[in-house]
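Have a look below at one chain only, the form predicted on its own, in C-alpha cells format.
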Amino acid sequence: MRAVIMHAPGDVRVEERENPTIVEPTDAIIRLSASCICGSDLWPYRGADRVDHTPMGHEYVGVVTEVGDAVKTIKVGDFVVGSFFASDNTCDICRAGYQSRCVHAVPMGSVGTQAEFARIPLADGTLVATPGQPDPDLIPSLLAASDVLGTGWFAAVAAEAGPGKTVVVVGDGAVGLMGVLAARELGAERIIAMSRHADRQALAREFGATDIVEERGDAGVARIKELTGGLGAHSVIEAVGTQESMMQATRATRPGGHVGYVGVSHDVALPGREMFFALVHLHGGPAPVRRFLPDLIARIWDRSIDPGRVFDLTLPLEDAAEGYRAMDERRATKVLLTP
C-alpha cells in the first residue's frame, strides 16, 4: 500500500509499505476513506519533535475489511470513526471518560493512518460505527470528529463553556475553530476568537464567534479584559501549546474561571506564584475523543453541525508533501487526503 513517511524535518514522501495484517485478536483492518494532516504533525515537520523515517497520521475514517477473532462489536463492512489513541474503553480510566490515557492505550501515530489501509488496535473499544454508509459529503465532518472536533469539544468541556458564559479561544487553527463550534453547541453566550487571519476569522464567525480579537500576548489579554468589564472570561480554550499561548490563556481568565488546554505543550512552564493568585482552574491534555464520538457522530449524521468545513484543501495521498507545505506556510488551515 501507499503511505506517508516523514524521513526528516521537511522531508515527506509517499512510499510503499507492507499492507497491515491482524496482529492481535482485538485488531481490525480498515480501508481508509479519508485521512488528514494535523497541526501537531507540523512539530516534527519543523524540527521541534524528533522524526526519522516515521509513518505519519493519526486521524482516520474508513470501512472495516477484516477483524480479529476477539472483535465482537465491529464487523466487516462497517464504516467507522476512531480516535488518535486506541483504547479498550473498559479500564477504570476509560470508564471515567479519559480514554486517551487508557491503561492499554496505543497512540495511532505509531501506526500511521496517512495511508490506504491501517491496523486499528483494540477495535471494539476504539472504533465507533456510523448508522450506515455515509453520504460522501459527510466524510470530511466524520474525519474531523476523529481528532480536531473531538479535541476542540474536550477543550470546551474542560473550560466549562456553557449558557451564560463568555468563552475565549486562543489559537485559530483547526482545533481552535472546532473549539468555537463546540462552545456554540454547548450554549455559550459570547465567544471571542483570537485570530489575525481573515479567512479563519470568517470561519470562526460562521462557527459561532461573536467577537474577534487580533491582539496577542499582553495586548490580547488587555483587550479581553476590556471586553469583559475588567474581569476576564469565564472559560478559555488554549489550542496552541506554546508558552505565550498558555500565559495568554490563563491571564485572560477571570478568578474562578476555567482554562481547557489541548495544544500539545512545547516547553511550557507555569509561574507558580502567579498561578497561585490567579485562582483559575486548569484542565486539559490529550483529548479523550472516544468519550465524545457517539454524540459527535449523531450530530454530524443529522446534519446539525458541519465541522468538515474546516478542511480548506483536499489533495490525493500522493501529494501529501504539498499538503504539509501548505499547512506549514499557512496557505491551508487543514488538509484532507484522499486515498
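Keep in mind it's a predicted model, so treat the numbers as computed, not measured. In this text, residue numbers run from 1 along the sequence as written.
The form predicted together with another copy of the chain exists for this protein as well; it is not shown, and the discussion that follows is about that form.
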Next on the checklist: On the criterion of a non-hydrogen atom at 4.5 angstroms or closer, are Ser100, Phe154 and His281 all touching another copy of the chain in the model of the complex?
Outcome noted: yes
Item to check | Contact flag, Asp135 vs another copy of the chain in the model of the complex, heavy atom cut 4.5 Å | outcome: no
Item to check | Partner contact for Gly68 in the model of the complex: another copy of the chain, 4.5 angstroms, heavy atom | outcome: no
Item to check | Touches another copy of the chain in the model of the complex: Val106 (any heavy atom, 4.5 Å) | outcome: no
Checklist entry - Though only this chain appears here, would Val262 touch another copy of the chain in the model of the complex if you measure heavy atom gaps against 4.5 Å? => result yes
Item to check | Contact stretch among 186-194, 70-78, 136-144, 265-273 - heavy atom within 4.5 Å of another copy of the chain in the model of the complex | outcome: 265-273
Next on the checklist: Suppose contact means any heavy atom within 4.5 Å; which members of 73-96 contact another copy of the chain in the model of the complex?
Outcome noted: Asp92, Ile93
